[in-house]
Every structure is written in structure tokens, then in C-alpha cells.
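Given as C-alpha cells, the chain that follows is alone and in the form predicted on its own.
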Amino acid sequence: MTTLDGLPTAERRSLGARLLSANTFWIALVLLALIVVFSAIAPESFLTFFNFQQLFIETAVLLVIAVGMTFVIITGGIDLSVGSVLIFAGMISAKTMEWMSPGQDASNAGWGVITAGLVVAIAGGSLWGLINGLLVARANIPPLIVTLGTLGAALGVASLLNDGTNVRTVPLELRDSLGFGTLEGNIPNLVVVAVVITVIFGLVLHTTRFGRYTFAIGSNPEAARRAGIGVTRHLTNVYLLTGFLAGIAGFMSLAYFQSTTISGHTTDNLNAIAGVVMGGTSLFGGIGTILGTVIGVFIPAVLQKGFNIIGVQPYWQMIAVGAVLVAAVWFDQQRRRSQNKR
């Protein structure tokens, strides 16, 4: 028996069943429901171009580090250091631009100095990612312990670089272009960078050998090794990638806040992990999508915006995000149990 479009009924049902069993589908419905509810309660405040523009800007930096976190969690690992690495990257970038500027005031620095700051931020983030990768993949230390250690180390080094205070002499050119600049007068450049990074690494995860190896290692590292995959090298590269993206995020944060943020990103690691898991990536490894991560990252952001607009205490946001996170992990466990019974 076939349907009007020529597909067998059984195949149509299997497609529908797969859709309904996907974490991404349900979490997308949650996000849509939140937008509909807040739009109905406060349409003149929530459902505005300015509000959504600010929402995208405020989420851009977190989205970049969440993309890297997606790769790590798919391998069955975790990276608690991304927030501190972000802070370190911003600090070493700002200090570099200061050192290269007359009178150590980078406010009027040009693109040569700014480019050097970007390179240093990326290099600094990548260095911490490489350290994490080598300790996890080659020294066989659990990623939770490794990244917990580098979390404190990266934040400590960042604080030492400027005696525990923030650097505030950020180039005005950087602020006006990346921090507050727009494309066609409407789309923030910060959001454009985040979207480009998300699309690129979404393609890397879902269409390249690197992505396939990432899923294979997360599903069964021993089977991946026997299939000829260099598990040690690949895990090292995954953590290196996460540090690389944290370095870019640190530079983006520097451009937007016009200052380093020693105490401003200390919970970004947990927010990134929550967004990735809420988006359907399994903490047990082997399952995940970049699209799901995008949706998962926006749920807390929409909750915060909505609660602020309608005057609800921000503590309720923590409760709501916690409930969604636990529900996402429970759903993942139920799905795994059902698959194991087949």
C-alpha cells in the first residue's frame, strides 16, 4: 500500500516515528512554545526586531563555544575549561594590543594591531585546547579532571597577566566593526561571525570524515580503533578545536564589551554544556547535531529575555532551565533503553 506521493505507508510511518523520537524535534517545539507564549503575553515588548536583535547578539559568543562543546560531548567527553579559556584568550589578546601600541594605549590602534590580537587570542585558546587534548587522549586522564584543572589554571594565568584587573583600552576600530558594527545596517557583525562558524562546523560534523570519526569514537572508541581510526590523534584534535573556538569567542567578547571580562564568563562552560545537552546531544556520546545545539542555546536566552520583559524574577529561569535539562537527559536515557531492547 502506498500514499499519494508514492511512498510506502510503512516507510512514511517510520519517517514519522523517527521524527517524533528525535530530541531536536521536541526541543524545537519547546523553543517555539516559549516564543509564542512570551509573544502573546507581551507582544509590544517581546515581539520586536530590536529585542530579537539583542537576543542574537547576547547569544553569539556562547553559541561559538557551544559548537566546540558539541564535538567534545559527541566523543563522550566534557570540557569545563572553555569559559576560562575564553577569558584567557581575551586577556592575552588585549595585552598584546596594548604592548604593540604607543604608551600601551590600544584605543586608537589600527587593523595591524587588531589582527595581531586576533591571532594571539586564537593561538592562546588553541594552546589550552591542545593541553586538554594531550592529557585526555595520550595521558588517559578523565576529561572531567583535566578540564577542571585547566579551568582554574587558565583563569589564574589570565588574572596574573594584569594583576587581577580588566584591560579596558580596546581599539575603537574593533568595537565599531566587530563589536557594534552591522551588515546592511540591520544584522550585527557579531551574529554574522557566529552564524558563519556554526554553519562551517555544522558541515564539518555532518559531512566530513572528521565528523564521522567524531561520532564513531563517541559510539564505541574500541570499535573505532579497530576500524583504523586514530582515536588518540582525533580526540586531541577535537579538544584543540574546542580551544580554537574558545579563542575566537574570547576575541568576540573583547570586541563587544570593550574590555576583558575576568569575572564575566565563569559560568559559560555550564551554559554551553546545558545548551548542547538540551539540544539533543547525548552525554554518553555518539549522538548530536549542531542544529540541536543552536536550539538548545537559545532556550535559556529566550527564557531570560521573556522573564525580564514580563517582570518575573530571574531565579525562575534557573529552575526552568534545570527542568528542561533534566528532561532532556531523561529522554536520552529512555531512548537508549528502548534501542537496547530491540
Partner chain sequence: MLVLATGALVAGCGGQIGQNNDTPAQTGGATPANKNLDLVVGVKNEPFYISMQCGAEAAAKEAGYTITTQAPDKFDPTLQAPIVTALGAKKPAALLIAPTDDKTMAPQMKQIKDMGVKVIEVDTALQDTGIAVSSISSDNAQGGRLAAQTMAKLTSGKTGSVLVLDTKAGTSTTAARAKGFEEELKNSAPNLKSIGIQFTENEPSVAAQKVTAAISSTPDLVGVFATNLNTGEGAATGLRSAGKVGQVQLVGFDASPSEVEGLRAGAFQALIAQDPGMIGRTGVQQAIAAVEGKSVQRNISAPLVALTKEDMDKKAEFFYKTKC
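Just so you know, these numbers come straight off a predicted model, no measurement behind them. Numbering follows the first chain given and starts at 1.
Quick note: we don't show the form predicted together with its partner chain, though the next part is all about it.
K.L.:
Given the stretches 240-248, 111-119, 130-138, 175-183, which is the single one in contact with its partner chain in the predicted complex, using a heavy atom cutoff of 4.5 Å?
P.N.:
Checking each option against the 4.5 Å cut-off leaves 175-183.
K.L.:
Can any non-hydrogen atom of Met318 be found within 4.5 angstroms of its partner chain in the predicted complex?
P.N.:
The answer is yes: Met318 has a heavy atom within 4.5 Å of its partner chain.
K.L.:
Answer for Gln304 alone: is it within 4.5 Å of its partner chain in the predicted complex, judged on heavy atom distances?
P.N.:
Output for Gln304 is yes: heavy atoms within 4.5 Å of its partner chain.
K.L.:
Answer for Ser39 alone: is it within 4.5 Å of its partner chain in the predicted complex, judged on heavy atom distances?
P.N.:
Because no heavy atom of Ser39 falls inside 4.5 Å of its partner chain in the predicted complex, the answer is no.
K.L.:
Could you tell me if Ser259 has a non-hydrogen atom within 4.5 Å of its partner chain in the predicted complex?
P.N.:
Contact with its partner chain, yes.
K.L.:
If you look in the predicted complex, which residues in 261-286 sit within 4.5 Å of its partner chain (heavy atoms)?
P.N.:
If the 4.5 Å heavy-atom criterion is applied to its partner chain in the predicted complex, 261-286 yields Thr261, Ser263, Gly264, His265, Thr266, Thr267.
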